[in-house]
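This document starts with one chain, in the form predicted on its own, laid out as structure tokens.
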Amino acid sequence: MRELLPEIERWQREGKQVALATVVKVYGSAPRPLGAKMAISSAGEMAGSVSGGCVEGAVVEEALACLQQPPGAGRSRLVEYGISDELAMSVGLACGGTIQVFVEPLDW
């Protein structure tokens, strides 16, 4: 998290909203460990990684949707990524594992 702070602070100084994505559960093999974090600005910029590039695009979409919700409207969300028939052609973890990622707006 400490390595993300300079980017988060810069985005906030620029007046951008920021969301934080955290790996909260890992099933099987995954490229990033439990607790890996990625910050996303309301302009779509990102810092850090939750999967080494496998699902970052999908996480950015979830974060932007989260930031578009009004405060107090259930902005945080828990999303799961892994190999499945539905996701095999779009997003997935090449290593065969499944991860759960908690996406939340930063309000500080």
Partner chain sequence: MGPIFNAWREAVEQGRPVALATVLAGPRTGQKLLVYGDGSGLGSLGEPGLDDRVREEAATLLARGESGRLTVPWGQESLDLFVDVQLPPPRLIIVGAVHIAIPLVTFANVLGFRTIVLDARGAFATPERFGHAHELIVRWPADVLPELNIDENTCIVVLTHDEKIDNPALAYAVRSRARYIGALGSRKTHARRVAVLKEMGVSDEEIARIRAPIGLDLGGRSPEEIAVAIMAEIVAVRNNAALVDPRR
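Not measured: the values here are computed from a predicted model. Positions refer to the first chain, counted from 1.
Only in words, not in the display: the form predicted in complex with the partner chain, which the text now covers.
Against the partner chain in the model of the complex, would Leu78 count as a contact residue? Criterion: heavy atoms within 4.5 Å.
Leu78 belongs to the contact set for the partner chain.
Even though the partner isn't displayed, in the model of the complex is Gly52 close enough to the partner chain, meaning a heavy atom within 4.5 Å?
Contact check for Gly52: no, nothing within 4.5 Å of the partner chain in the model of the complex.
Determine whether any heavy atom of Gly44 comes within 4.5 Å of a heavy atom of the partner chain in the model of the complex, and answer yes or no.
No, no contact at 4.5 Å.
Can you tell me whether Arg32 touches the partner chain? I mean in the model of the complex, with a 4.5 angstroms heavy atom cut-off.
The answer is no: Arg32 has no heavy atom within 4.5 Å of the partner chain.
Which residues, if any, of 1-16 lie within 4.5 Å of the partner chain in the model of the complex when only heavy atoms count?
Those in contact are Met1, Arg2, Leu5, Ile8, Glu9, Gln12.
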